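This document opens with one chain alone, in structure tokens, the form predicted on its own.
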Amino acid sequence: MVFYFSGTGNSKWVAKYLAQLINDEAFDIIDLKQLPNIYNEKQIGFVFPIYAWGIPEPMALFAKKLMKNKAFVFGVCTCGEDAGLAMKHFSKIYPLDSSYSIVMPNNYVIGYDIEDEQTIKNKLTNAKIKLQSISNEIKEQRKTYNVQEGSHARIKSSLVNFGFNKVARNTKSFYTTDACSGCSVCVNNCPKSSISLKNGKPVWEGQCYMCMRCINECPQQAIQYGKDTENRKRYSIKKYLEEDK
């Protein structure tokens, strides 16, 4: 079994493509109604994005609850550049035999603009090549640590990640422009159920995972986070997968 959490689709695509290569199945942990029985599984995988050089909350919680057996366990994280110590931290929650990081297109539109088309396509092409190599190692059950941690990894995965979870996950800066049609796509897509419709318009409450799904997949590009996102592009892997067919 390959378990994944994904925001704008990068980790979903990685999980499904990898599962196909290793003749396995991929499961979205948000859709699981109960913890699966993995007693007889011979290999278990986890795929998730890196959020501020750390593990997304839903994946960490899922891994803490999941039973452990004698299976070969691997983890693959997706990141815009580097992963910090996230995979080592995850391995303390659920011990990994092999760990990998894969550079994917950036989706953090609230922090900076989306990359140009060629950069995105190059990253996806390189990711596919690396996944083919990873799949061979998993089939061999090779124990390895192939993670691009980057500079100042310890500080990023501790202090910066702590600040992200404590402060940056606040939803107060989300709002919609007049372009919003009240279609409910954001409400239905939110993995934390932080969005609801009030008077036909979405409202954010409390904290969210900052997965960027709502702002990147709004059909009208009506969702904003502060003023900086108004002139920025949006990213979803769906567009590039459709072009690749």
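Since the structure is predicted, the reported quantities are computational estimates derived from the model, not experimental observations. When you see a residue number, it is the position in the sequence shown, counting from 1.
Below: the form predicted in complex with a small molecule, not depicted.
Can you confirm whether G9, W53 and M104, the three residues that make up this candidate site, all sit within 4.5 Å of the small molecule in the predicted complex, judged by heavy atoms?
The answer is yes; G9, W53 and M104 each reach the small molecule.
Just to confirm the contact call: exactly one of 90 to 98, 171 to 179, 139 to 147, 104 to 112 touches the small molecule in the predicted complex at a 4.5 Å heavy atom cutoff, so which is it?
Residues of 104 to 112 come within 4.5 Å of the partner.
Hey, in the predicted complex, is E117 touching the small molecule, heavy atoms inside 4.5 Å?
The answer is no: E117 has no heavy atom within 4.5 Å of the small molecule.
Give a yes/no on whether A127 approaches the small molecule to within 4.5 Å in the predicted complex, heavy atoms considered.
Judged by the heavy-atom cut-off of 4.5 Å, A127 is well away from the small molecule in the predicted complex.
How about F162 - does it come within 4.5 Å of the small molecule in the predicted complex, if we only consider non-hydrogen atoms?
F162 lies outside the contact set for the small molecule.
Tell me, yes or no, whether M212 is in contact with the small molecule in the predicted complex, where a contact means a heavy atom of each within 4.5 Å.
Result yes; M212 sits at the interface with the small molecule in the predicted complex.
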